[in-house]
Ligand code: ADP
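This document opens with one chain alone, in structure tokens, the form predicted on its own.
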């Protein structure tokens, strides 16, 4: 991987099921110091299984986004460990983190983060193009574009696409390297209900048919109902989880937490 080795941690140290593709162990994240210190994540231990679609939910300020950012290496823990596979993200330097994100992780954000000067195709293939050890799988790219309904938009610039089309490009970009896990932060937040439903249906298909692992931060009960599992966060603590959530179940739990 570009000549940069990633240190391997200990599965025994993680103490979680070996089928977890990502996991946090005694993870704490504190912002500020002294009386102004805020603990956004408090001694959290949790695993995310392969081929599973997990929603992370909680009230505003609960720590759900902090959990995702620290798990994915976009932010550093104050203490504890964050693993991707057997790699302890907590120990990586900036260059190693860049290699990890490029080779093993995919990201989908609410605000798309597309490069304006690049075409839709170039935006999709960017993670692969930046990796000297990888090349674009043209058949997989065609499959992604077809399923997402952007096969006729690949030569367009982002400014020539609708919001829904830009988000579909972002989804394809996250998936094109076939990452171990995709992290999605409010991916439907800027979309109308119809487009949101289509996007969630594709993410569901990516898990079921392609074996993808997805961890999605969301405030939307409908989005969570597409998932296999929902994890609830409050005041930096993991307070509950449920399998095969329904919209009503999620709404009841969020009302309880709020």
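Not measured: the values here are computed from a predicted model. Numbering follows the first chain given and starts at 1.
What comes next is about the form predicted in complex with this ligand, which does not appear here.
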Students should find that, of 65, 212, 54, 196, the residue having a non-hydrogen atom no more than 4.5 angstroms from this ligand in the model of the complex is 65
Heavy atom within 4.5 Å of this ligand in the model of the complex: which of 70, 40, 200, 206?
40
Want to guess which of 187 to 195, 220 to 228, 43 to 51, 56 to 64 is within 4.5 Å of this ligand in the model of the complex, heavy atoms only?
56 to 64
